[in-house]
Ligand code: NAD
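In structure tokens, one chain follows: the form predicted on its own.
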Amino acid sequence: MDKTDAFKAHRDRAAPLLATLQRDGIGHLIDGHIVPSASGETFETRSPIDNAVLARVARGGADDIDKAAQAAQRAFKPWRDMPATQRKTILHKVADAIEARADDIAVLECIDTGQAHRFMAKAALRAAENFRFFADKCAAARDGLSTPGDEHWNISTRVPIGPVGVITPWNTPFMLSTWKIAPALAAGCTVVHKPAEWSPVTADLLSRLAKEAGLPDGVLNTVHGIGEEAGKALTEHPAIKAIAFVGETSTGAAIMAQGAKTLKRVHFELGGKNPVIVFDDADMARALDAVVFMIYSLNGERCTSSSRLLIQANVAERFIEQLIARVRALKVGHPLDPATEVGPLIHQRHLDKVCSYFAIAKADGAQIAVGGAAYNGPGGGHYVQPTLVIGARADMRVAQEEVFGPFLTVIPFADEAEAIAIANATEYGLTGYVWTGDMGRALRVADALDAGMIWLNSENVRHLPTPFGGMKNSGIGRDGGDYSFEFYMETKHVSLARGTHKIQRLGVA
């Protein structure tokens, strides 16, 4: 099938799905039932491709969150006490359901978020992989340690913390939702999910697929709504024991404050201004591929994007010349077109934010080498030209603030020490990427970078057992493998006496 035929096939697949959305709208899933908001209020969700209304969405509030939290609380003990092998079977069935609808998920995600199909097709399959990986860990979730002493056998075990809240973002929302929800369910927790209001479509599909796969009522509840309403009610609800959140740093700070009264445990995956450092002895062809991929894929709307290129000064001119040619050649277009590499941004407000940095870059004295304007894409939606800023300094706003779009800032450096200083000179610390042929230098730089995740001579390649998370204003806690269970479970210590240790006797003459 050529790209033209594939484009038509994607649109043909989307048509009946969109017709159903427009006819039925999107409701909450609470205690196994699709329901409207208690208030009866709704909001519109629109496609970034052409601003067309996709559906009317139930606008949840405190009453809806309360019903969902109570349902999660009722379902918690039966789900917790279900044999781990049975939970594993159910979660594998959820993964099967996701795989069976992977094509539908991909086209809906493209239309709802503006992400290119070439990435969303893989994201749907990664979502199924998330459920399979954590399903297989159900039986081991309670595993602890044996730490014997002289007079006692000491063991630890883990127990699920209880009903938890999951608040997910609008960029690759289906995959990121499963990245949070799957380990929570595998741990034995129940979930109230509040998806981003800008991308509710596939969250609705996820909740339906989970129910159809046999997930018991109340184990996964989905309440749509605005962050300041439904989100705030979720973070403050006393039945919710923990909040897992992916999004902006300022929102994470607000959530921490809102959950303080009920002493909620929090896990935050927040913003980033991630450096990719290219030394003069790097494999320049591979480094160039990685630099372009890690900022312009997924529309640059990803927390791990390498939005700052730190390039050694003695090779900067040639590298930037090649980079300019690659950025100019990027294909901006309809997200369902297989040729598209950059689609429309999620929302008009976000487009306005990204475009505001064009004037900021110029005011600070940097030069826009490529892009620097909105783009008249198919459908007339929220398109922007892939943008490359050169001649920047580390203290400029375009080198400090998260733009969260297809926007790369280039900063030259003289030597290893300066590269590390520039890389660390932001409030963020999520990821870092280092390109060099000197493995000693690679390890030194990795050790010195203030970042929770570092790739050496590689772009971001996810490996599910590894820890995912950031330092500084990029987050709190880690996801992935056993690290997820540390968040969704409480550790319990049990000490067994041998019966031989001396006990002090009080009150004896």
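From 1 onward, residues are counted along the sequence shown. Just so you know, these numbers come straight off a predicted model, no measurement behind them.
This next part talks about the form predicted in complex with the ligand, which is not shown.
- Site residues P169, I255 and E269 are all in contact with the ligand in the model of the complex, judged by any heavy atom within 4.5 Å.
- Though the ligand is absent from this view, in the model of the complex it lies within 4.5 Å of a heavy atom of just one residue from L209, A242, A116, V246, which is V246.
- Proximity to the ligand in the model of the complex, defined as a heavy atom within 4.5 Å, singles out one entry of V276, I411, A196, A287, which is A196.
- Residue heavy atoms within 4.5 Å of the ligand in the model of the complex occur in exactly one stretch of 84-92, 221-229, 320-328, 413-421, and that stretch is 221-229.
- Of the heavy atoms in T235, some are within 4.5 Å of the ligand in the model of the complex.
- Taking the partner from elsewhere, L430 is found to have a heavy atom lying within 4.5 Å of the ligand in the model of the complex.
- For the chain shown alone, T251 is a contact residue for the ligand in the model of the complex, at least one non-hydrogen atom being within 4.5 angstroms.
- A residue is said to contact a partner when one of its heavy atoms sits within 4.5 Å of a partner heavy atom; F404 meets this definition for the ligand in the model of the complex.
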